[in-house]
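As structure tokens, one chain now follows by itself in the form predicted on its own.
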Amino acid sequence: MAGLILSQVVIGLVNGMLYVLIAVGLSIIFGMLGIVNFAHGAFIAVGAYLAVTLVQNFGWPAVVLAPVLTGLIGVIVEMTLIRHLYGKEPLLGLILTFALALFFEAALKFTFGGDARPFDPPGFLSGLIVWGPILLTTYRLAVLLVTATVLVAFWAFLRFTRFGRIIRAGSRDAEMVGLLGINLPIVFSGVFGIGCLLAGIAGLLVGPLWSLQPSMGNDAIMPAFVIVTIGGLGSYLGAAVAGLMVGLVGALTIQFAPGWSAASMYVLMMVVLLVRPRGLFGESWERFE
């Protein structure tokens, strides 16, 4: 029993790290642009389908282009559509991004068909790893390591680069950043593109874990919103902690109470918000109050 629990904990960590990756992209878009991006899940699906297409046509080395192309699509979407919503009624952003999600899902269904399709991991990542009582697939371990590396690199980008500092400052007060002479339209396009790039990385990684289908992003977007809520608006540390919590709670619930697995993250969110209404690491942000 102990070995089974440990295996589920490791699986929960893998899922949690993927949720963190998705939630961080969603969080920076909301924090900087003030847009609740309901199309974020659709970009995960776009990244997954781009990845499988690149693998089939050019081999596994080309798969690194999938997140980059997803980010470029995000930049185009921001420049042509999202940009016109800044400073306007927030409901318009909800409606537009929801419509975008439906559009991308329909486009994927038209291009690739509506049936689920497999996306096998590379051969060198097939097989199982047995470490004491822990049983884990090689691919899940690779996902855990890659996701952790991406998140650490993204943290370093926010912490030590000029553009990262602009993002952190702009999340608090974008108008102040603009008054300093920084070109906000370029920054906004970059932030939306980075958020979509992170979604593309998540799509690439979850492709072999989930079956590919045009609506696959729907399975990730709600956990991402829950994680952002639990962790606290704009808190990247909060997103990391909350993502791991959701992943672990979900994995253990599947093992011991499968009927509650779908509701477990919502129960966790309710408990956290009863104790911390702003989330675990949430603060009072004037621009959203």
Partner chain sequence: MSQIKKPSSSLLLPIGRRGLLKGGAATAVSSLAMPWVSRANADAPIQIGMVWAKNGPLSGQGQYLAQGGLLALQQRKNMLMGKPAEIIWLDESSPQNSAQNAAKLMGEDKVVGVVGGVISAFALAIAPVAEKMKVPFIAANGAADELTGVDCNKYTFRSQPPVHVHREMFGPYCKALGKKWYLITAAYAYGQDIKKEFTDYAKENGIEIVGADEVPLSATDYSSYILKIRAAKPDVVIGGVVGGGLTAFLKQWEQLGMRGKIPFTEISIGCTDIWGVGPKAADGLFTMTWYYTNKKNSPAEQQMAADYLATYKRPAADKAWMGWIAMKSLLDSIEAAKSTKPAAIVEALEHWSMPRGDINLHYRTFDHQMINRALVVKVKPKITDQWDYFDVLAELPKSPAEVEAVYGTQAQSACKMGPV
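Numbering follows the first chain given and starts at 1. All of these numbers come straight from a predicted model, not from anything done at the bench.
What comes next is about the form predicted in complex with its partner chain, which is not displayed.
For the options Met245, Met32, Ala251, Val46, the residue carrying a heavy atom within 4.5 angstroms of its partner chain in the model of the complex is Ala251.
Taking the partner from the other structure, its partner chain in the model of the complex has no heavy atom within 4.5 Å of any heavy atom of Gly190. Contact annotation: Thr149 falls outside 4.5 Å of its partner chain in the model of the complex, judged by heavy atom distances.
Although the partner is absent here, Leu212 is a contact residue: one of its heavy atoms lies within 4.5 angstroms of its partner chain in the model of the complex. The closest non-hydrogen atom of Phe110 lies within 4.5 Å of its partner chain in the model of the complex.
Segments offered: 215 to 223, 67 to 75, 191 to 199, 149 to 157. Contacting its partner chain in the model of the complex at heavy atom distances within 4.5 Å is 215 to 223. Residues Lys109, Phe110, Gly114, Asp115, Ala116, Arg117, Pro118, Phe119, Asp120, Pro121 are the ones in 108 to 123 with at least one heavy atom within 4.5 Å of its partner chain in the model of the complex, listed in sequence order.
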